[in-house]
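Before any questions on how it binds or moves, here is one chain, the form predicted on its own, in C-alpha cells.
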C-alpha cells in the first residue's frame, strides 16, 4: 500500500476517540489500527485489502469482522467515505480534512482518478437554492477509458 504523508491522522484519532466515547463504545487498539491503516493509504481500498495489509504488513492481530465493523464506524463518524463504484464491492477512503472531490474510473483497467472542480460545488449550491434543498455533500463518478500508456486492459485497436 502507498504510504503518503498524512497530516491529519492524529486529529482523526481524536475525533474517533470522542466519537467512540460519546457512544459508549470501546476504544480498542484494533479499531485504531484500522483507522491508521486507512489514513496511511493513498488509495481507495476495500475492506479485504485493508485486512490483508493489517495482517501481513502492519503485524496487527485484527479480525476481518473488526475491519468491516470499524470501517462502518469510521463512515458514521465522518472519518471515512464509502464508495460503491459501478456495482463493485465497497471501497473506502479517508475523509477527515480532505476536500470534496469526484472520481473518474477507467472501464478498461479500473484505475481511479480523483479531481476537484469548484464549479461543481457552485452548481450543487445553486440547485439546492432553486429546489429549497440543503445539500450536505455530493458524489460524482464518471466512467470511461483512460489514455495511460500503462493501461493493461486497453484493447489493441484503441487509439491513445
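Numbering follows the first chain given and starts at 1. Quick caveat, the model's predicted, so the values are computed rather than measured. Take the two forms, find the largest set of C-alpha atoms that superpose within 1.5 Å, and that set is the rigid core.
The discussion below concerns the form predicted in complex with a further copy of the same chain, not included here.
Of the residues 25, 18, 139, 11, just one reaches a further copy of the same chain in the model of the complex with a heavy atom at 4.5 Å or closer; this is 139. This chain appears without its partner; in the model of the complex, the one residue of 45, 37, 106, 62 with a heavy atom within 4.5 Å of a further copy of the same chain is 106. The candidate stretches are 125 to 133, 25 to 33, 45 to 53, 62 to 70, and the one lying within 4.5 Å of a further copy of the same chain in the model of the complex by heavy atoms is 125 to 133. At the 4.5 Å threshold, heavy atoms of residue 117 reach a further copy of the same chain in the model of the complex. Here residue 138 counts as shifted, since its C-alpha moves by at least 2 Å between this form and the one not shown after the core is aligned.
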